[in-house]
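Only one chain is shown below, in structure tokens, and it's the form predicted on its own.
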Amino acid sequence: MNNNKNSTLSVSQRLQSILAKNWAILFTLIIILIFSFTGKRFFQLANFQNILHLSTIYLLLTASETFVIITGGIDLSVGFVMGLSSVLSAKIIELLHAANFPPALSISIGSIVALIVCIIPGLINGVLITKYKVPPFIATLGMMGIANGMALIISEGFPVAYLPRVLPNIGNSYLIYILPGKAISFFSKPKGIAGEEIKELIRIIPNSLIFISIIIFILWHILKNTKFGQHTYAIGGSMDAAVRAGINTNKHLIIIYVLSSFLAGLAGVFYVFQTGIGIYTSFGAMYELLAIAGVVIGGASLMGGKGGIIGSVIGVFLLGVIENGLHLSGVDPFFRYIAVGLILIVAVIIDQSFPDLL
């Protein structure tokens, strides 16, 4: 009797562990199934490509937040650093383009300068947190306001829109274009197509997916297979133990927040490539919410020491599927925020309820 009971308990625990670890994947599959019936054109290759393409920015922000949250910190400034990067890069590109610089040179200079400048907020955050012992919540909250103010000053409160037309063409291009029975091309549309032929054009693999896949792989490798990644988990697990193990925790945390800010800056530059404009994030706090939600849904703990890039990718994809599915189902998109809030609460409850199984 006792052996059977112990055996049953062991199986039950294993089942709970599997469900607790993979609930986001299971929930995503259920949501996809539901929207396949309620949303027109939802279950199509083009739609899933669109979800991945539009999730690029959120993947960058969520990846940045993943490193920070694993250390037990939080970065509330990523959405507004993204906005600063967006308007700064766009403003430089606009000025150089107006001065008749070649588009490629204008775009390159604007992008590089924005990425360099966006390292500064992360450096300041890191120094405030490590040297002056300012709590991450307060340090990054202050930086959120500073970054937003700088973005508004640069843009004067208006979108930066007079940019080279090639920008959105690059940001929204695909690897393969197929015009059935007529033409196939790579990286750009077949020449000479117009009118009704545009509707027949099949687009396969957004270039943004290739770009973000490379970034995600590099970050996954750093976190999974390098000493830097091991130290990141160690700091989140126990700061005191990390110090006793000889880890330079202050230097490491500064690098973490610089990386977070850089990835947010990269998201801002890519936003310009996707939309063809630079715009400050007046609703930047929602970017932070979605980034943090993606990390937590992906299995990270807000207490630190747990999480991963792949889990965060799954979290972002789940949020992207919900937003897309609600839109195609004719539901008011503002319900997305309610859904994100509820799922975030569920993720935290699961983390707190099954800490030994995750």
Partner chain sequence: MSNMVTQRNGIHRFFLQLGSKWAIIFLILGAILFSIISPGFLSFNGIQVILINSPFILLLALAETFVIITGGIDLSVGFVMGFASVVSAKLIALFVVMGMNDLFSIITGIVITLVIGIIPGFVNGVLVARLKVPPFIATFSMLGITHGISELLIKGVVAKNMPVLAGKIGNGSLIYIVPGKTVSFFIKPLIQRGGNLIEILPTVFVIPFIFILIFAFILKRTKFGQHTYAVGGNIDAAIRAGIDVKNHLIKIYMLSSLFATIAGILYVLRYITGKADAGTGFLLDGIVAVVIGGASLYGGIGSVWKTIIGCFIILVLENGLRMLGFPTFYKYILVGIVLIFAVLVDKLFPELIHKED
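Residue numbers count along the first chain shown, from 1. A quick note: this is a predicted structure, and the numbers were derived from the prediction, not measured.
Although not depicted, the form predicted together with the partner chain is the subject of the following passage.
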Q.
To test your reading of this chain, name the stretch in 152-160, 171-179, 96-104, 254-262 whose heavy atoms come within 4.5 Å of the partner chain in the predicted complex.
A. 152-160
Q.
With a cut-off of 4.5 Å between heavy atoms, is residue 128 one of the residues that contacts the partner chain in the predicted complex?
A. yes
Q. Taking heavy atoms and a 4.5 Å cut-off, does residue 142 contact the partner chain in the predicted complex?
A. yes
Q: Would you check, heavy atoms only and a 4.5 Å threshold, whether residue 20 touches the partner chain in the predicted complex?
A: no
**Q.** 4.5 Å heavy atom contact, residue 210 and the partner chain in the predicted complex
**A.** no
Q: Identify which of 309, 318, 57, 292 has a heavy atom within 4.5 Å of the partner chain in the predicted complex; exactly one of them does.
A: 292
Q) Is any part of 323-339 within 4.5 angstroms of the partner chain in the predicted complex by a non-hydrogen atom, and which residues would that be? A) 332, 334, 335, 337, 338
